[in-house]
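Here we start with a single chain on its own, the form predicted on its own, put down as structure tokens.
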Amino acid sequence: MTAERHILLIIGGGIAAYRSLELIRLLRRDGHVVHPVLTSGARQFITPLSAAALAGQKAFTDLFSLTDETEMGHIRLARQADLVIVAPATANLLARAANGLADDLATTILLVTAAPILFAPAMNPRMWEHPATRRNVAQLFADGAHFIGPAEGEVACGEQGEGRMSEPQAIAGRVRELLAPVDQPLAGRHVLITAGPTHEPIDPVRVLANRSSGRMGFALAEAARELGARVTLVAGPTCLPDVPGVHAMRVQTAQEMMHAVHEALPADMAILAAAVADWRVKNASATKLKKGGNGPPVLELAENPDILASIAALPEGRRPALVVGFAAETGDVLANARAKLKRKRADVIIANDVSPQTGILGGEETELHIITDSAEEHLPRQPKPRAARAVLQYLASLLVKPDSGSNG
């Protein structure tokens, strides 16, 4: 059982509100004191009495309750909280929080609290994918909020897709991570990571691509989050779901990835793990190419932007304190990695052998070499999530402490 902490649980107005009752039970089982706050919408699905009975604490509903507000109840609630959870976080609640509205008890608490905030979104999949919701989520990420989910599956309206509130057990697990008294060497840091391949169009249905699955980059993003960082993940085309608590930016081409990476700055650390295509088709067709009597089409190639070199060359104050590149090689791994370190002006190169016989490219495991100007570290073959955590712990040790003059 963990140490007792005070948790404010804001319950939004969606059908998933009933699942927050189970979350109360799980949080109490972990030894936390849970203070439920029900929005007006939540009270259409569950009652304050049921939430209070499970919490063993009063359920709060009204910003202007005379009893509570004589002692500025919303300020007291916000100040005593070690963590604020919003579950379910509806599209409406996310929008109001992102724009700093304070027109009820829930949004006033969100604006007042200094505690970490964990949102567990739940809504129709089309609402989740709407550009307005994505903007609101991005703003909340930028403000330092944490997210878990939504999960994929069938929602209350019968549609399939991302929109289900994460399981209460998963939310309780995320709470344990956020409140765990463990060393988080990247707390307060912004880590920018790229992952996956890029797809360079030949025509509307064909692309130049590679075999990267994105697993290593996604594992790095999750490890950075677990070590306390605020993480932005710029991902090329991949089947992998978003990492809970990580701000994902999905792109297709190298040029789009370049733009997204620079847009995400400033960052304390940039880990460029994506397998970016070196070339794109200069004369990509606007219509599907057809077989004909003149043989295969002639594809004129143009060089893609060098994202790693562009980040490493940024001036002080804009350049991340630590710029990390990846070198996926099929021979002379260490020599090629050292040359890349110097050529790209990176601080660290992480190299691996992706020859077909290794099964690493697109696979579940990896073997890595971490190379700097003055040192080399070998990580034996292991699952990518475990390797990612070892890499992040090593990189965290290279960052200058914030109070010692770092430009990060």
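Position 1 is the first residue in the sequence shown; the rest follow in order. The structure presented is a predicted model; accordingly, all values stated were derived computationally and were not measured.
Not pictured, yet referred to below: the form predicted in complex with cytidine-5'-monophosphate.
- With cytidine-5'-monophosphate omitted here, the record of contacts in the predicted bound form names 276 to 284 of 214 to 222, 184 to 192, 276 to 284, 201 to 209, defined by a heavy atom within 4.5 Å.
- Checking 307, 269, 110, 118 for any heavy atom within 4.5 Å of cytidine-5'-monophosphate in the predicted bound form turns up a single hit: 307.
- Of the residues given (320, 245, 325, 236), 325 alone sits with a heavy atom within 4.5 Å of cytidine-5'-monophosphate in the predicted bound form.
- Under a 4.5 angstroms non-hydrogen atom cutoff, cytidine-5'-monophosphate in the predicted bound form lacks residue 28 among its neighbouring residues.
- Using a 4.5 angstroms limit between non-hydrogen atoms, residue 369 is distant from cytidine-5'-monophosphate in the predicted bound form.
- In the predicted bound form, none of the heavy atoms of residue 43 sits within 4.5 Å of a heavy atom of cytidine-5'-monophosphate.
- Counting a residue when any of its non-hydrogen atoms is within 4.5 Å of cytidine-5'-monophosphate in the predicted bound form, there are no hits in 28 to 48.
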